[in-house]
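Quick heads-up: it's one chain on its own, the form predicted alone, in structure tokens.
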């Protein structure tokens, strides 16, 4: 028999084989139509008396099952009863699989996520391939939900509650080898052996009766003692609170469901899971996280240009000018993805320092298990260093990452182009300087653009591709495609002071300094930001970035938007004193005793006393408003000016670039959830502070604007 997504056949005389291969799709997803096909196939199977086993596999290399259809789930977000019905339909299908009168095996190759893993857990055994894309996980907490098709019940019974709650609460996937070590899969074998291994496990299970024991184990309580139970879930809850700071309900809900149900029979546990799942569906946080998922999907598909006929140029070799923190980071990103890179600096000492930084980064990845030693050696083989611009003549793309000084950059471009053929691309890693203005220094401005990486390059996913007035579609599409090739998420931005992320960030940084001068403490400002959901506060951020960098970059943006830039002396005073932040051992905080978090420093208090204009108590509410309202208004100005091609680019730019809390959906989603009228009311309190708090027309229109999928 044949259906559109599922193909059923008999192999080896008496083994049923279901091949899941959704047509016209790169992924297999468990939407309602596919669930209907599973019901049809199971009805056919249940009638047969000749089968001795069942195997499920995917027809897509590198893809098993991606999970449930989030668009369908979104349609039920306002109707808990509809969501329950969708969940119960899936649960009935899994129950039917577990009731078949013979052993079953899921043969997993590629991504096996969410509902896909829950489907596989309903099979008696699982085997996985060692394909590099094979990974198994329950990522539902990352979209504000918990597993709803028995994942919180079957996984603890298969790998134990402690391992299960760690996987479920984090939402992180595990590769095939770790899945085998956990007991989640029977074995991990090469792709070409996967089907034969599934058949072998099926035969072994049939002969030994292991399949009956596997089912019994999944149906019964786990059986933790009172002490084991108390210890397991105290540790799990502590880990979740440390990571989420109590701001995300789904991870804790997942832990509590496992806690309540692991010592109950499966059917009772499933009821607890379903009730908890229904409470989370349609919650504001879940809606926001699902919106972020789709906004990210849009970026992954976006070519960066509107014309579908434009094809990116192939970039085979890259050059990087500058071996400092950014230059070495950018070079490291290319060589790790197998793209040969030539790194240039003015002397051997600078190059040696840059190479050492890359080596340290690669070694760190090896020690963390994110890279094999031979892969690190191969990556270093893609790196060469030079003191001569002439060595860049065979590069398809050269990225400038020298000091953030326009005159120095322009002189560098003028010298570089003497050695480059006319069809090569030049990009600048500048964070604030006008691409259009610098393009006047090159012979082919259509092949010149910004390619702004964020620090630290190894960890930050965002790349801003900045179009100057004359940057061509082909150049833009080429840089977008290249950023994706090295594992980054590119956003195309129109040239303006600060581009997208820094332009919206500087009002936040600026207001933090003004608040200091009015009497707020550094810790109070940082706490207000982290309570809101930021990974660190603006005071700490200055110290991490470098107060000299923040000062010079801030001058560019604040000069361009002088009407809404409040003046502050604090950064200048810190730089004069050599207090540049973490890199110098002191800034707003001292890093002598605590190199990461810093400690309060009386020496800074003396500097602050010189700069303070008043001394008053400032509430946490006021600090929060004054940090984030100017950011929001700048974001609406970027919308109105067409700085990005889609409103969702603003959301993702801030989420990926500065860690704006994804669970708030982005700054525009946050404003809309608060309510435009409420935002206007809050702004009214601060209008006397000047234009940086004056509402924009785009803000007033935000309530009816489409912000993304």
Ligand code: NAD
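Positions refer to the first chain, counted from 1. Since this is a predicted model, take the numbers as computed values, not measurements.
The form predicted together with nicotinamide-adenine-dinucleotide (NAD) exists for this protein as well; it is not shown, and the discussion that follows is about that form.
- Although the partner is absent here, residue 452 lies within 4.5 Å of nicotinamide-adenine-dinucleotide (NAD) in the predicted bound form, judged by heavy atoms.
- Although the partner is absent here, residue 402 sits close enough that one of its heavy atoms falls within 4.5 Å of nicotinamide-adenine-dinucleotide (NAD) in the predicted bound form.
- A residue is said to contact a partner when one of its heavy atoms sits within 4.5 Å of a partner heavy atom; residue 355 fails this definition for nicotinamide-adenine-dinucleotide (NAD) in the predicted bound form, lying far away.
- In the predicted bound form, at least one heavy atom of residue 429 sits within 4.5 Å of nicotinamide-adenine-dinucleotide (NAD).
- Only one of 323, 176, 164, 420 lies close to nicotinamide-adenine-dinucleotide (NAD) in the predicted bound form, with a heavy atom inside 4.5 Å, and it is 323.
- The contact residue chosen from 242, 346, 609, 368 relative to nicotinamide-adenine-dinucleotide (NAD) in the predicted bound form is 346, the criterion being a non-hydrogen atom within 4.5 angstroms.
- Stretch-level contact analysis of 195-203, 403-411, 521-529, 356-364 against nicotinamide-adenine-dinucleotide (NAD) in the predicted bound form, using heavy atoms and a 4.5 Å limit, identifies 403-411.
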